[in-house]
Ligand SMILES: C[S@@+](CC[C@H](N)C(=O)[O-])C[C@H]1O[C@@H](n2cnc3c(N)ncnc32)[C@H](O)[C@@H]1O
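Next up: just one chain, as structure tokens, the form predicted on its own.
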């Protein structure tokens, strides 16, 4: 990765440090219901899959899927959010493997997972192209043969984003619970160019609405 005075990791950690798990949980109920999210991803999963919830946060998706019997692990950059995830998982009687780590340098061996989920706007928090490319390559590396990664994100054609006066492509800034959130927002064209640069050939983009928000979803297969 190239050198940046402000890194994707430092800005993301600061955002979630300020927001805390309580603020993130509140936002999750406003923007995307867990029911809508689970309905989107269940058709792509099988109970015998080895699944990674990448940028799992406080376990919003990890824990419900584990309760349904899926073999899922969680990784997040924020130890604060992981502490909340561990607490909630124990209370639910679940033995989930949680790891602290960076999606640009995943602490897993090649071919570890059948499925990778990177949901909400986690990928959008990567503010630099070299970080985005590194994350895509890392997901591809840890996927097993015929594995699939599902990456959900905001996208630049979303009129809701363009209506915000702070929107300056490719960045979008918003005030969430009194905390400034800065994310990188791709258009379809710019993301296809990113995939080409990352040399990710087996992929497709789909578009839809999850909860109240328009989304761009990458399906990447090994």
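Source: prediction; values computed, not measured. Numbering follows the first chain given and starts at 1.
There is also a form predicted together with this ligand; it is not shown, and the following applies to it.
Shown alone here, residue 186 lies farther than 4.5 Å from this ligand in the predicted bound form, counting heavy atoms only.
Put simply, residue 200 is far from this ligand in the predicted bound form: not one heavy atom of it is within 4.5 Å. Although the partner is absent from this view, residue 77 contacts this ligand in the predicted bound form, with a non-hydrogen atom inside 4.5 angstroms. Proximity of residue 102 to this ligand in the predicted bound form falls within the 4.5 Å heavy atom cutoff. When this ligand is considered in the predicted bound form, only one residue from 139, 81, 72, 151 comes within 4.5 Å through any heavy atom, namely 81.
By the 4.5 Å heavy atom rule, the three marked residues 45, 52 and 113 all fail to count as contacting this ligand in the predicted bound form. Heavy atoms closer than or equal to 4.5 Å to this ligand in the predicted bound form belong, across 88 to 126, to the residues 101, 102, 103, 119, 120, 122, 125, 126, ordered by sequence position.
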